[in-house]
Structure formats: C-alpha cells, structure tokens
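This document opens with one chain alone, in structure tokens, the form predicted alone.
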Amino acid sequence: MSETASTARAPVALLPSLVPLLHEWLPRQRWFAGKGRPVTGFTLVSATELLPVDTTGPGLVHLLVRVQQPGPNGGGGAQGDCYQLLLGVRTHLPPGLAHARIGRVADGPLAGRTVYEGLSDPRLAALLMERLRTPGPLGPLRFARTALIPDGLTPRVLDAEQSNSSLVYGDAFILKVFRRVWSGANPDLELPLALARAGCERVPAPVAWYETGGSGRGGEASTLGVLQPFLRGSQDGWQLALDALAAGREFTEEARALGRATAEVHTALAAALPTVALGRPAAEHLVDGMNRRLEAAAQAVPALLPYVPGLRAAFDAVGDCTEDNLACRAQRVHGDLHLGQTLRSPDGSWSVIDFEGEPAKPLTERRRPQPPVRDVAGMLRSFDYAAASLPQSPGSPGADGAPSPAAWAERCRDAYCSGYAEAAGTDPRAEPALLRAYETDKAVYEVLYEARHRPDWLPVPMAAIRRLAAQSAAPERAG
C-alpha cells in the first residue's frame, strides 16, 4: 500500500499486521471484558480512516475488532466480543505520547509506523469532535447531532472510566466512547433521547452521537459514542455521601431529593416508552433467574451457603405477582443506579447519568423492561456501601456517641424512599417482597464481585446478606 492509500482499502492485510501488538495490549486495558482468558483470535469487522495515514502527520484509524476467547457463554457469543479501537498512527511518536504507545508495526499497510491509543492525542481527539460537528456518513460510520457544537474546545481524557473511555471538551461536553460494542442501540443514548423528548431535565440530553450498522432489512444501528453536556461544577452523589460521613453529618435531605429525582426519571420513562405487566409467568421467570444467580454465587463463594435458604425465600416471595398488581408493572429503567451515577449541581439540583446499565450483561437484557424497584434497590445498597466505606475516626458516625454508620444508612434509605413516594405517588416500601428480592439479588451480585476483585470489601455485602436472609426467615419462625 502506498503511503497515501487508505488502510480501509486493505483490511485483509491490516488486521494480521496488528495482531501481535493487540495480543499484548488489549488484555491490559481496563475496559477489556475478557481478562483471565486467553485470546485465541481476531476478526476485523470494519476499518475506517478518520484521518488518512501519510508521512506528514498523525493518522487516525477506527477499528471494530471481534475477539475470540474460550469460556462459558462465549463473552459476546460464539463470535466473540466486539471492541472499538481508535488507533493513532505516526512515523515517530513524540515523548508526550509515550504512555499511549501500542507498538511498532512490522509489516502490512502500516509497516514501519507506530500505533498508539488515539484518544490520548489531543489533536486526534479534537478530530473526533470535528466529525461530530459535521454529521453524515463516513464509510460504515454515521455521525449525528441534535444541536450546533462550537469548535476550538480543548479535549482531555477522564481517568475514572472502567468499562468505556470518556473525553471532556472544554468543560462544555463529555464524549463517552463505548469500547465493548453490542448490536443495537445503547441505552445510554436511547433512554436520554427519550427523556429529552419527554421534557425531563434530570438527565443531560444527547447533543451528538456516532454509530455503525443498521442499514437494510430493518437492521438496528450499534451505538459507538455519545456526546452530552458536561455538568461543570457538579459533584457525584458518592463523594458527597462520603464527605457527609467524614464530617459526621446526616445525608437525609440529599437522599430525599435523590428519591424525588429518581421518581421523576421513572415517571418520564414510563410516559415516553412502553410499559408491560409482568404477570405470574414473567414473575416466575424473574424468580428463577434470581435463584440461578444465587446458586452460582454460592458455589463460587462458600460463605453464602448458610444463608441460601433465607435468600431463596426472599426470591420466592415474589411469586404472588399478578397482572393487576401495580408493583409488578415493568418499564425501562436505569439498570445500574447507585450514588456514583448521580450528580448534584452547584444550585443543589440532582441529575442522573450513565444509563448504559450493567456493561457485563447482554444488551438485550439491559434493554428489557424491569420493575422500577430494581433501581430503588440499587440505590439502597449504595447507601450501605457508603456507610461502610470510611474507617471509624473521632467525629465520624459511630465514634464518641455519634450515630452508627448502619443507622446513618438506614435513615438515608428511608429518606430516599419517602422522596420517591412524594414524586411518584407510590412508595416502593409498599411492596416489600419485590423490593427485598431485588435488594437481595443485588447483594448476591456484590458478594460475587467482591470475592473476585476486592476481597477486603466482602464484609460489606455479607452484612446485607445476613440482614436480608434473617428478614425473609422471620415470618417462617413466627409461624
């Protein structure tokens, strides 16, 4: 290939030349979902030059690559997980980008050049924004926007992301780049767009996005990135809760306001998108899934075994759902709601962000209607985590006669549910069986996660496991 020819014209030669470098680099990335399993192969889905590769400056190559790995469920299925890569290409990499280096290509269309993580290069990150400013197709990619975007915004990469990559442009916009790509619309675009149409101001409205696929025969596009307003000066709910704990302050007013914000989002989603009645068959399917997850977690974490009967009782109590039970209505929800998914602005108002759901779950599952109490349960668990996150010290809750962390969390939980009831007209505590089942399911997930990734944190969900198992067993003992 000549130095001015498009790499997209030589996809057969491009991927094999990158495979040795990707084998080494991909598993080290925080957003790579297949850690702990060997990579057995790569398949190129698409290759697009966002900036042509030549000898005069950097190039930017957009790749969708499917990665084959052995293991249960096959990750993204039999074909493997699909990842979005934005590779910078230079003849010589400047010292300031040494941390982004992937490696030097030995052969193929990029032979002799160095490839690197393109989002780390401000020049290439600015180019990506320029593509969003000028909507339209580019090869298999399509760029769209809902409003004018000013130019000249300086980009910077956020380091906090785990499953995706995010860039902030001039403290005005934030671009989330989805690394693991699923077929279909990502809820982090789909739901904020629906909420914007419904006039809900609790969620930043998408300004632009880009996607691939979806052409012909009704195929659905796959979301690759979403640009939204950056809420400058806002603080996330998790850090605010920790600050309150550290100062020995209550957090009930904030929790009540968060409950109202959650209810407003749920109400708007129910108005904008279809709702369904679960009914007994769907409720039984829901319970079966919870029990299967419990059994798998107990096999992996033996500490759960003594509590399995009580936890199973919490799930089985949901079997009374019927189609005329309003609590058993299902709708689109956030799917992964916790304190870290909320932001409070300087004027005190709360926003809800990150509607992607749990990234490890298939997209079809994340887009499935769920009872709203699933989100409520996630937030209730988040208050428990906050209360357990700070070591005890003078002046903190539980020290020198101050309220205990458990009591602090319980008051936050009550305030949150009360705020939700004020805005929604229905109190999530009015259907304790469904709420307890979802909270139990979340705690079981947390036990498995902590045992695998953060063993020092395992006592936090285990305390909830003991409480929830005892609550479910109490009626049996009373009888």
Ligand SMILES: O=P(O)(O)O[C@H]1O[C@H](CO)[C@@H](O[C@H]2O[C@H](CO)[C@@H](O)[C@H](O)[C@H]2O)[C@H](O)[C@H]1O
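In this text the structure is predicted, and so the values were computed from the model without any measurement. Just count from 1 along the sequence shown to find any residue number.
We do not show the form predicted together with the ligand, though everything after this point is about it.
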Heavy atom within 4.5 Å of the ligand in the model of the complex, from candidates 187, 155, 378, 213, belongs to 378
In the model of the complex, the one of 336, 264, 121, 81 near the ligand [non-hydrogen atom within 4.5 angstroms] | 336
Does the ligand come within 4.5 Å of any heavy atom of residue 382 in the model of the complex?
-> yes
Does residue 445 reach the ligand in the model of the complex if we count a contact as any heavy atom within 4.5 Å?
-> yes
With heavy atoms only and a cut-off of 4.5 Å, decide whether residue 114 touches the ligand in the model of the complex.
-> no
Does the ligand come within 4.5 Å of any heavy atom of residue 254 in the model of the complex?
-> no
Counting only non-hydrogen atoms, which stretch in 147-155, 354-362, 189-197, 256-264 is within 4.5 Å of the ligand in the model of the complex?
-> 354-362
Any chance all of 349, 411 and 414 sit within 4.5 Å of the ligand in the model of the complex, going by non-hydrogen atoms?
-> no
Residues within 4.5 Å of the ligand in the model of the complex, restricted to 144-160 and counted by heavy atom | none
